[in-house]
Ligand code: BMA
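Given next, in structure tokens, is a single chain: the form predicted on its own.
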Amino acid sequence: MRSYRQLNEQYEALISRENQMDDRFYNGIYDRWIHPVLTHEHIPPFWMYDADPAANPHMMQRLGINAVFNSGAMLLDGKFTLVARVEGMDRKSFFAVAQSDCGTEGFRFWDYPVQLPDTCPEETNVYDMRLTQHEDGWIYGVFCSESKDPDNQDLSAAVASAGIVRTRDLKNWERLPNLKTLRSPQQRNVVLHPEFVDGKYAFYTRPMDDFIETGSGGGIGFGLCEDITNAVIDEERMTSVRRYHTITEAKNGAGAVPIKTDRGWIHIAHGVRNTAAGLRYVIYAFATDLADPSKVIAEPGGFMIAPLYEERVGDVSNVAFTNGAIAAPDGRVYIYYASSDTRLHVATTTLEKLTDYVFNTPADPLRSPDCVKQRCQLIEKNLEYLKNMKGE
């Protein structure tokens, strides 16, 4: 049996562990890091154990944690700040704030998890919060609000809505009514744009016919609303669309809040395809126009991040998913992505590299013969270049 003191020492050793770039991986676009930044082991022992030996003589976990993963991200008072999805062993998720001074290690949770205003009695579960520092001065959190489908007797039948909260400090939260999309029965993976568009609040949506299947939903939507305190969207225009035999064939959804560059808004999203082993989630990027954020102006072919090595195994295997990234003032970009619904990692790059990748990587030609032609053009160019180099 371990004492509470021993458990806490083990926890502190993990929190203070140094992280290193993973030299097994290179693609020139971003760097992976060896250790996850958050796991269930990063949860403070006093969240799980009763520290009083009189009440807990065998030092058993009373309220265990299963996983820590999909996290919103922002800089708050100079600290790298994550609002992570924490899933208890009872399957219910909640949000918790963790902060670090450097962004790649040393994340420590605040003493208490987030206690959202309990205004939706039908709501059973909440998860995957996106954090937007909006130009109106508020920090908004948009998340999935899950409830039992009252019209279906199947115990697994659920309804997904986009919940909205706002705060100034991530401590005091105001719950706003859930987003209403008049032409979409369900919503999840919704992101609030950080600036007004035509004087209105702008949302990236994911129209869905039911809880799992997008059905007629054509991809990532874009809609405007007048009043975020009663957010209603009528028309949803498609931005990054789903396509047959691509990484977005089954579904796709907005991920991190878009990053503003001088060439356009860079989006880091997720795409899903069906395989014999189930759904495979990967992360991809695209850019939209500065003046019209619904208009896609660049979309590199293929995925940017896919689960590798140990990342491929977990509660829901073969998944890479993001709902948070930080563009730091020094030009570095931190992409926080979860693997297999189990743990949270970071990939680091720079705004220069990310912009180069998004705007200079060829688009998917969509057909095998054209993909071969595309690759042969690159090979031909390289062979000619290398031949000329030998002659110098």
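What you see is a predicted model; the values in this text were computed from it and never measured. In case it trips you up, residue 1 is the first one in the sequence shown, and so on.
Below, we turn to the form predicted in complex with beta-D-mannopyranose (BMA), even though it does not appear here.
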Place beta-D-mannopyranose (BMA) on the shown form using its pose in the predicted complex and a superposition of the nearby C-alphas, then give a one-word verdict, open or blocked, with blocked set at 3+ atoms within 2.4 Å of backbone or C-beta.
-> open
Full three-residue contact with beta-D-mannopyranose (BMA) in the predicted complex, heavy atom 4.5 Å, for R85, Y281 and V319 | yes
Partner-free chain; cross-checking beta-D-mannopyranose (BMA) in the predicted complex, the single residue of F303, Y127, Y140, F286 with a heavy atom within 4.5 Å is Y127
Pick from R242, R166, R188, H193: which residue has any heavy atom within 4.5 angstroms of beta-D-mannopyranose (BMA) in the predicted complex?
-> R188
Could you confirm whether D50 comes within 4.5 Å of beta-D-mannopyranose (BMA) in the predicted complex, counting heavy atoms only?
-> no
Does D31 reach beta-D-mannopyranose (BMA) in the predicted complex, with heavy atoms at most 4.5 Å apart?
-> no
Does at least one non-hydrogen atom of D341 fall within 4.5 angstroms of beta-D-mannopyranose (BMA) in the predicted complex?
-> yes
Heavy atoms within 4.5 Å of beta-D-mannopyranose (BMA) in the predicted complex: which stretch among 60 to 68, 319 to 327, 345 to 353, 40 to 48?
-> 319 to 327
